[in-house]
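To begin, one chain is listed below as structure tokens, in the form predicted on its own.
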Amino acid sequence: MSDSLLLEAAAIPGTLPEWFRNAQSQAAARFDSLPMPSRRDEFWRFSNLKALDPQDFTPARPVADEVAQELVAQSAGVAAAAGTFVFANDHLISRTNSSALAAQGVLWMPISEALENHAGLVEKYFMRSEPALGSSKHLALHLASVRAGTFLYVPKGVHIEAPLQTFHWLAGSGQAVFPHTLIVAEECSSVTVVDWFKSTGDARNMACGVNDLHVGPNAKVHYISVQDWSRQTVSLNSNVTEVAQGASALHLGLHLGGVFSRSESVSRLNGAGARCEMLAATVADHAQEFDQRTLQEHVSPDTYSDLLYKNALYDQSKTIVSGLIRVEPEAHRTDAYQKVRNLILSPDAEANSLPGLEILADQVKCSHGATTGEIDAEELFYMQARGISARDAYRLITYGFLNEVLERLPEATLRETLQSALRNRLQGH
């Protein structure tokens, strides 16, 4: 990442509020002043920092009209979605939106429009959390450079039945995108949002994204991220989920692409009775590296969190899952779980799991654990004895292993869409 990336970044279209211009200017200065991550930092332990060496990336350029048309046609995603946005190289190329959403007072629009027309509302929620998992420099880069993404505001008591979805496409080479998703769900509302991150071709690019989820009292938000960038893309993504009293959130990541993919996920349970599920399924092969850092932060009493991360590793791939459950002094009767499962499908693959607990309250129930293993020989023999080839048996067992994560999704149509994406990813093995 070079300083020129910040200096050359194209401005967000429209009129920007002063607070946002100041925030971008301060972030640019912060990016210049902060050092690159070091493996001496616990948050970057085991990471392959060579993947983050400065590169000559430039802000992504608009795609040609014919390419845009092809990408819109390929942006199928979830059937019967309530609305779809399509971005290519950080430029909006298509939007479809149900008229019923506007009639209910729902605001769903590009970040650029939200900054121009709802600046005060955006300011209240936009990147308000301090970095907690090591990516201060990259978050500064994102803030200084962001110009594309979506803003969703769901008013009190509104329930959006069908999912909303956004596609972020990367085309060309040597380019950088900064997708942003900001979701605000007011009291007793509910919504499901899916972000698709995809590439054309297999060129080397960079993506540095952020998603902010703010779940109001007794609201429910399901957020699904499908990372399917090219196998040469460097990807960094940061998620913060703030969950209020009596609210529930589910964050599921399906990780398929990228040469180096770093994801940081923080769930902060701020009100009594708040609940959060943190889920991830990862397929890693060749020399892919997936670096996953998590924090389950229990701030209030009677809160619940459950983390399930499952990784399937082929060839010379590598995964890292470093997670912490932190129970603050007033968060009595916390109920928190953290489970990491690694399936090793090659003797050259490497899985690193670092679970942790920090408990500062009484009357809590917390557990964490990590396992790493291979496919059971008896299970493989059982399937081959019934006429299933060894290759098909490996693929079926791997799919079943990862599908446990997808089965946690209550929406059947969405679950089937993700299962199809997972089966397609496993076809080459």
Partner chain sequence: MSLVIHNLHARVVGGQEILRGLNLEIQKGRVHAIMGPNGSGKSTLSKVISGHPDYEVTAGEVLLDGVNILGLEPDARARAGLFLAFQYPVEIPGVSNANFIRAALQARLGEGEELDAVDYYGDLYKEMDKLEIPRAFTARSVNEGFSGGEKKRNEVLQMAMLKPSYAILDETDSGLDIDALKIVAAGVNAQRGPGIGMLVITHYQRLLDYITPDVVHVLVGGRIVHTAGPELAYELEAKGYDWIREELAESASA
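Numbering follows the first chain given and starts at 1. Keep in mind the model is a prediction, meaning the values are calculated, not measured.
Same protein, other form: the form predicted together with its partner chain, not shown, and the subject of what follows.
S.K.: Sort through 398-406, 22-30, 61-69, 43-51 and report the only stretch with a non-hydrogen atom within 4.5 Å of its partner chain in the predicted bound form.
M.R.: Heavy-atom contact with the partner occurs in 398-406.
S.K.: Contact between C366 and its partner chain in the predicted bound form at 4.5 Å, heavy atoms?
M.R.: Residue-level check for C366: no, no contact with its partner chain.
S.K.: Does the 4.5 Å heavy atom contact test between A370 and its partner chain in the predicted bound form come out positive?
M.R.: It does not: once its partner chain is placed as it appears in the predicted bound form, A370 has no heavy atom within 4.5 Å of it.
S.K.: Quick one: does E374 come within 4.5 Å of its partner chain in the predicted bound form, counting heavy atoms only?
M.R.: Outside the cut-off, so no.
S.K.: Taking heavy atoms and a 4.5 Å cut-off, does Q384 contact its partner chain in the predicted bound form?
M.R.: Contact with its partner chain, yes.
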